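Before any questions on how it binds or moves, here is one chain, the form predicted alone, in structure tokens.
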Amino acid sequence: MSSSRDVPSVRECYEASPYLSIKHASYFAVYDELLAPYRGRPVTFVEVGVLNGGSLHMWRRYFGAQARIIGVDLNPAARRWEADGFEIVIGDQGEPAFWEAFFERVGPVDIVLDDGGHTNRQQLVTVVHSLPHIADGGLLMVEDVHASYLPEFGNPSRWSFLSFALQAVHVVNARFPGVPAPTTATGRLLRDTVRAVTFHESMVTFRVDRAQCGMNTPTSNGGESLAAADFRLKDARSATWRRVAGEGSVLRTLPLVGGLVRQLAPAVHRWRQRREAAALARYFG
């Protein structure tokens, strides 16, 4: 039986690659965490951004000979890596038509790693037009999302990639009853395709599993009930308000005062909400 030391980490594969590759140090632990289950399997792995070819060789060493590794780049010179057994597709990741032709050519894939141009358009188009073609159990990983904070990429912006990724979190939660459903085709794609969105420093991963994307429903184990009272809304702040002016308070039963309390209650409720929002603001930003 081989030991864990016999299995090289991504960092070791990176350092052993004969050609230049530049990766941020924090990425290697994330790679090992997310990609280890795919090693030694006949997966189809797509990396956007080839440059000097070093990462292609890194991934070949890491995943093994069974993996189908496809590189995407805008530079036609990247075709030189076909001689080393890699599939190379030349095209612009920021164009939906490119991805339509790409997946018509290569078919479904298991993992897409976007280490391309890092602009909002490139990252957004890559995600939206790749998701339908990623097999269940697969991943879509977007690197260098710190670009969403940098002026040279037109950010910060309402339309940054990270703004989109955060919106995707809301869409994933729209599978819970009562949460507003997405109204756009992209929103429905995310809801029905993405099981979870994972955030690491400078990296966002979309986990694809359509079977796990159904609407959430409550369950019960059928155990004995002790009729325990639900105290979720009986915190100290709410309890004081209910005693003074809430439904069932003594003041509401008084002939004159009761009418005044009922009349003022909506305004007091709004004031309490603003006060609570101000108290919570310190936990944000």
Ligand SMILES: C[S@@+](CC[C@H](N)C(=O)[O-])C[C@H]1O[C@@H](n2cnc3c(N)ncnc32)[C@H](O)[C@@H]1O
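We number the residues from 1 along the sequence you see. Just so it is clear, the model here is predicted, and its values are computed rather than measured.
The next section is about a form of this same protein that is not shown, the form predicted in complex with the named molecule.
When contacts are judged by a 4.5 Å heavy atom cut-off, Ile69 does not count as touching the named molecule in the predicted complex. Using a 4.5 angstroms threshold between heavy atoms, Gly187 stays clear of the named molecule in the predicted complex. Remark: Leu20 counts among the residues lining the named molecule in the predicted complex, judged by a heavy atom distance of 4.5 Å or less. At a distance threshold of 4.5 angstroms between non-hydrogen atoms, Asp110 is out of contact with the named molecule in the predicted complex. Note on the interface: of 150 to 158, 92 to 100, 208 to 216, 132 to 140, the segment with non-hydrogen atoms within 4.5 angstroms of the named molecule in the predicted complex is 92 to 100.
Every residue of the trio Asn75, His118 and Gln122 has some heavy atom no more than 4.5 Å from the named molecule in the predicted complex.
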